[in-house]
Ligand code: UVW
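Here we start with a single chain on its own, the form predicted on its own, put down as structure tokens.
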Amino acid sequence: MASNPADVMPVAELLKDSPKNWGKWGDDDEVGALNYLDAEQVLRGARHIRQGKVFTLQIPVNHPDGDPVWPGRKEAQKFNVMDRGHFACNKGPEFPGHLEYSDDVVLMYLQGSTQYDALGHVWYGDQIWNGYDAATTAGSMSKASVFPIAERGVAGRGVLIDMARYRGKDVLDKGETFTHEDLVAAAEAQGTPIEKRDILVIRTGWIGSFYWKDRDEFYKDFLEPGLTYSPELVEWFNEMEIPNFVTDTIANEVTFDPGTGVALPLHCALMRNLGVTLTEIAELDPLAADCAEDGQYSFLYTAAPLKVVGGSGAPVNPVVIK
């Protein structure tokens, strides 16, 4: 990463020849590559239910040891607003039959847990996904928010690619990168080659390490491991018609491109330009351990983020069924 952001090339220059899927599904489209997940793809995913095992991929919210969030965001805060204490002090409401109850609220970033990005979440050049004006994000996103994704839902064949285990590690190193070719090699080594329109679930071990690493160590010189940009990687995602990829990192890709220093170029190349949906901060260690034990790395992947109108993202608890 360059020491001065002004010395880094603009992402528009880096991606000037990058392909776009704008208009591919119509001028009004707001879900992008999720259009690839038609009924046939849902049924293809369902055929990979073989054992009846169920895994949920959301990290805990308001964990006693804290929640991993992007630097600068605050962790979720939960407050009781009604509990036994209110009734013990005669401060609770009275109901016929004298029932009592608890109630609480959570204050959190919509992207402060396992979550889906809206396609309009990141942009450059004053345009978001599908060519909508970036001004449509002002106040609340009126185009390409998370709401259309939430209404549609996500279901298809998912494939776990365990990059950490493939490289013989519990967790990839800070800033460690891999390419689409590495994904292909790891999947083939697991005996489950990546197929067209697969939902890619990529484990690095990073989020799992948050719960056993020292907090300062986790955030120091913040640089997550992950996929790294190349024109060939973008073209591979496009040709493979990948609708969605899921990672156990906070931002789905290596934080700064090691060659150029550009921050999060794949958010722009894949999400803004191709309409690929990004899912971040997934808990993948239990699923990965089970896949390593039984050798089944494919499954039905399903998810539906919260229906937040105008949201730039929303929490989600994906469900995987093997």
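We number the residues from 1 along the sequence you see. Just so it is clear, the structure is predicted and the values come from calculations on it, not from any experiment.
Omitted from view is the form predicted in complex with acetylphosphate, to which the following refers.
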{"query": "Touches acetylphosphate in the model of the complex: Lys169 (any heavy atom, 4.5 Å)", "finding": "no"}
{"query": "Any non-hydrogen atom of Asp67 within 4.5 angstroms of acetylphosphate in the model of the complex", "finding": "no"}
{"query": "Contact flag, His180 vs acetylphosphate in the model of the complex, heavy atom cut 4.5 Å", "finding": "no"}
{"query": "Contact test in the model of the complex: Glu280 vs acetylphosphate, heavy atoms, 4.5 Å", "finding": "yes"}
{"query": "Candidate spot Arg73, Asp117 and His267, all three touching acetylphosphate in the model of the complex (heavy atom, 4.5 Å)", "finding": "yes"}
{"query": "Option touching acetylphosphate, based on a heavy atom within 4.5 Å in the model of the complex, out of Ile194, Ala251, Ile202, Ala150", "finding": "Ala251"}
{"query": "Listed residue that, although acetylphosphate is not shown, lies within 4.5 Å of it in the model of the complex (heavy atoms), from Gln111, Asn130, Ser145, Asn244", "finding": "Gln111"}
{"query": "One stretch from 290-298, 31-39, 56-64, 259-267 that, in the model of the complex, holds residues within 4.5 Å of acetylphosphate by heavy atom", "finding": "259-267"}
